[in-house]
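So this first bit is one chain, no partners, the form predicted alone, shown in structure tokens.
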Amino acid sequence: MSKPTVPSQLDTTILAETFRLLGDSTRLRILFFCLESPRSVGDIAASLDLSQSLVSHHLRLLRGARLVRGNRQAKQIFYELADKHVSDMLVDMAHHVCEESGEE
């Protein structure tokens, strides 16, 4: 395994802001809901029992952090995770949280 590069101060600041965004449980729920396939704002709102305006607000922040991307199809925009890095990180962290601790 290659040694990871040390991020610059600017990159570290951006990374910290990204993790701050991920610290909101509603945003995490939206990301996990979009993990399997692209979803419309209405679908996200209905499935997660959230208002469309709240979903749109969170999606705007997630898009700004390059965690999701939107693809317009006719009058709707369907949101999906931005890339494999984002989906892998979410899945890995979910597995980490769900696994039993080996410490006693």
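In this text, residue numbers run from 1 along the sequence as written. Predicted, not measured: the structure shown is a model, and the values here were computed from it.
Although not depicted, the form predicted together with the DNA is the subject of the following passage.
Colleague: Might Asp88 be said to contact the DNA in the predicted complex, defining contact as any heavy atom within 4.5 Å?
Modeller: Asp88: no contact with the DNA in the predicted complex.
Colleague: Residue-level contact is defined here as any heavy atom of the residue lying within 4.5 Å of the DNA in the predicted complex; does Ala65 satisfy this criterion?
Modeller: Result no; Ala65 lies far from the DNA in the predicted complex.
Colleague: Give a yes or no for Ser37: in the predicted complex, does one of its heavy atoms lie within 4.5 Å of a heavy atom belonging to the DNA?
Modeller: Result no; Ser37 lies far from the DNA in the predicted complex.
Colleague: Within 4.5 Å, heavy atoms only: does Ala46 come near the DNA in the predicted complex?
Modeller: Ala46: no contact with the DNA in the predicted complex.
Colleague: Can you name the residues of 40-58 that have a heavy atom within 4.5 Å of the DNA in the predicted complex?
Modeller: Contacts from 40-58: Ser40, Val41, Gly42, Ser51, Gln52, Ser53, Leu54, Ser56, His57, His58.
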